[in-house]
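First comes one chain, alone, set out as structure tokens in the form predicted alone.
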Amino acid sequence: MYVAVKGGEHAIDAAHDWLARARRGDRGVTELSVAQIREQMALAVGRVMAEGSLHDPDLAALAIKQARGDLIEAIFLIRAYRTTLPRLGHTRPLDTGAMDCIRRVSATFKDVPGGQVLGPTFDYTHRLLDFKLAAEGGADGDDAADDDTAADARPDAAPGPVPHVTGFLGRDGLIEPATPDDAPPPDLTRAPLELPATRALRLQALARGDEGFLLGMAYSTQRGYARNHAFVGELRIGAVAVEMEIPELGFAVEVGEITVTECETVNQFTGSKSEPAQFTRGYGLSFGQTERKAIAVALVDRALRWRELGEENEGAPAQDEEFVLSHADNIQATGFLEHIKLPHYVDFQSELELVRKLRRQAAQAPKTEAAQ
């Protein structure tokens, strides 16, 4: 039960002013620009775009600045802004096979056409604090940018379009065929989640789900909760063209490029009553350079496919579609969690009176028994 609260407008305005001052911080320190956040905090920008369901690096950087670095708050801002945008049409499915990769690795094949491209990654760093970064102008990239020997590490040195690794397994019939569904996928941003969900709907929910939650779910599958032993068949990051069909023209035109991360996992599968022994797939796609998220989505996607593959449900959390999809969205979770700090005076008073009543009854019970 809620009651109207009046007279708090001045306190709320003061809280907003205080927030603005806290966001700015020490005015003796140069203010962060949106461009600096976009260029130097690209991984945070990628996460905000992915979970906010809106690919716009500038807006994501602005949201991070406005949210004081709170990424979930920034995601909330992006989703709220997204609802104000008109829907002009639908794009064609992305052709990730034509991706211009800046990073492309496979854990299943050492030698693949196009080669392994390590790209910009933390994988081979020592996780030691680099105190040169604390000095003004002491960033690693400043020296590399002036070094001709670093040209091979730049994105423009990455190879052109390369085939998907899982295609080699598919050619020999060793992995389940990729059978695209021609039916228009449901739109999770315009209709509520319905269970049981199609795989297309599950992948939408996972793509905008909280990275930390999905990481925990994916980790649980690797520890044995879902019998989900996976290899990264391929992980690729790069720019991919976005095309739209223009009815007046009768053909598709490219409207831009976006950066995405794609992960395909290859999973053991001994077969079932309906399927032969073969490898199976898990899939994850996410905006920006968000490889931890894409891998986690692929692992959870595979765990949720137990029914369609004829496997037994072992009762693992990652196999519970309702549990995973209903709790993956950090904005829904945040709203429900944070609402408990709002006024609940009437609720609490009723429970307080109930506790006092129970205590009085408990105190009177010994007296009644003694009298008998």
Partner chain sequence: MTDYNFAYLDEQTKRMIRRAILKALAIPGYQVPFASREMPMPYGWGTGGVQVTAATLTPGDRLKVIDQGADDTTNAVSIRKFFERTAQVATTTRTAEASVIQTRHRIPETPLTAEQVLVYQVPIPEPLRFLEPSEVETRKMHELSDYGLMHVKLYEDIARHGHIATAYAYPVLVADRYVMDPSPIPKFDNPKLSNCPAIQLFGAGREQRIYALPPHTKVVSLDFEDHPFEPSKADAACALCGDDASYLDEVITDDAGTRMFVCSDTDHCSARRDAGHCGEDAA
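Residue numbers count along the first chain shown, from 1. These figures come from a predicted structure and were not determined experimentally.
What comes next is about the form predicted in complex with the partner chain, which is not displayed.
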- Mark T270 yes when one of its heavy atoms lies within 4.5 Å of a heavy atom of the partner chain in the predicted complex, and no otherwise. no
- Message: Under a 4.5 Å heavy atom criterion, is T125 part of the interface with the partner chain in the predicted complex?
- Response: no
- Look up in the predicted complex whether N313 has a non-hydrogen atom within 4.5 angstroms of the partner chain, and give yes or no. no
- Message: Can you tell me whether R21 touches the partner chain? I mean in the predicted complex, with a 4.5 angstroms heavy atom cut-off.
- Response: no
- Just one of M244, L193, L215, A241 has a heavy atom within 4.5 angstroms of the partner chain in the predicted complex, so which one? L193
- Message: Within 4.5 Å, heavy atoms only, one stretch in 109 to 117, 183 to 191, 289 to 297, 94 to 102 touches the partner chain in the predicted complex. Which?
- Response: 183 to 191
- Quick one: name the residues from 74 to 111 with any non-hydrogen atom within 4.5 angstroms of the partner chain in the predicted complex. F76, R79, A80, T83, T84
